[in-house]
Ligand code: UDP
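The chain below stands alone, shown as structure tokens; this is the form predicted on its own.
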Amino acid sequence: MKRILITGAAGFLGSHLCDRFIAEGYHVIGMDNLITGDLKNIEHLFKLDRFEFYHHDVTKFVHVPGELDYILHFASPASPIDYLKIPIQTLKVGSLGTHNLLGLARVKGARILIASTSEIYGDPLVHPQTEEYYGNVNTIGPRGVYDEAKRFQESITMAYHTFHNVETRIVRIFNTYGPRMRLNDGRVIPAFIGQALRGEDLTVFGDGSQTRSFCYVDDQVEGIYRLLLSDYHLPINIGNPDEISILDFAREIIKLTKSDQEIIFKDLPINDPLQRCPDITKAQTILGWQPKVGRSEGMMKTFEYFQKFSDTELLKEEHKDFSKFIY
């Protein structure tokens, strides 16, 4: 039986990856320090013999007994609200955490897939973004802690591949959505749905002309699965190229939720990307992958998930204490 370690296992994407590899017959070892992850996302797996969980911070030495075939490194804050509150931990999980896991992969002879992001392109001057584009990133801006953590992560991964012959894979993840997202994490889809469910006006930053491309979680997981098992070691974009402006998307949310909220406008945050759309040619040709779930179908599934919790703590503002993680 193949054994796989998944870091960030209690997070949004990490938990869906745990489900996928359990379904594929793997023995899954989940690891998470629960800064932003939630055990509710994986509690259904604890009864299984083929699932283990380690409550551990990967910025500290990582030890996993026994053989390992694969490692998926998905431990990292991923929303602006989180990485602006814990900038040092964000940088450390991308640097020290990645270093520790690459070392583990080397010792175990395991193949490791690193979760990078479209944020490495910054506010892009090339559209759509191809893997060959180097990006337009402000290293000292508020988003720099996340962008540079991921850019360093890619660099050290390639160094381990080149100098230590570690089998590595790098996925550049574009905006992904679906069940298990945190309603108050600051990303556009849960932010809009949360405002609609609370009866609040929807907040659009800038004039709303900036664009995003949203990929449903099942499609994202399929792309990651195929990349892990492929022979391709360079970065690959996994995302949905169906691009939409934020203003038009806010209107879609109002229609979806059957709410009568207004749209209000606020100043655009510093370095907020004005365009975000993946070129997925490599994913199509190398992995035989492309997204299958349209935005209307995926958004309905996501809305129904959040709607179930509309009277619970998911609709409340979160005031999590991050102080113990800032070091």
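Each residue number is its position in the shown sequence, starting from 1. Keep in mind it's a predicted model, so treat the numbers as computed, not measured.
Only in words, not in the display: the form predicted together with this ligand, which the text now covers.
Q: Honest question, do Gly178, Leu256 and Ser296 all end up within 4.5 Å of this ligand in the predicted complex by heavy atom distance?
A: Per the other structure, none of Gly178, Leu256 and Ser296 touch this ligand.
Q: Name the single residue among Arg212, His99, Arg111, Arg182 that comes within 4.5 Å of this ligand in the predicted complex, judging by heavy atoms.
A: None of the others qualify; the residue that does is Arg212.
Q: Exactly one of Ile173, Val145, Val137, Val188 has a non-hydrogen atom within 4.5 Å of this ligand in the predicted complex; which residue is it?
A: The residue from Ile173, Val145, Val137, Val188 that makes the contact is Val188.
Q: Does Asp272 make contact with this ligand in the predicted complex, using a 4.5 Å heavy atom cut-off?
A: Heavy-atom contact with this ligand at 4.5 Å: present for Asp272.
Q: Does Thr130 make contact with this ligand in the predicted complex, using a 4.5 Å heavy atom cut-off?
A: Residue-level check for Thr130: no, no contact with this ligand.
Q: Given that the partner is absent here, does Val217 sit within 4.5 Å of this ligand in the predicted complex, heavy atoms only?
A: Outside the cut-off, so no.
Q: Even though the partner isn't displayed, in the predicted complex is Phe152 close enough to this ligand, meaning a heavy atom within 4.5 Å?
A: Judged by the heavy-atom cut-off of 4.5 Å, Phe152 is well away from this ligand in the predicted complex.
Q: Any idea which of 196-204, 229-237, 88-96, 161-169 reaches within 4.5 Å of this ligand in the predicted complex, heavy atoms considered?
A: Of the options given, it is 196-204.
Q: Within 4.5 Å of this ligand in the predicted complex, which residues of 91-124 have a heavy atom? Give them in sequence order, or say none.
A: Read in sequence order, the lone residue that approaches this ligand (within 4.5 Å, in the predicted complex) is Glu119.
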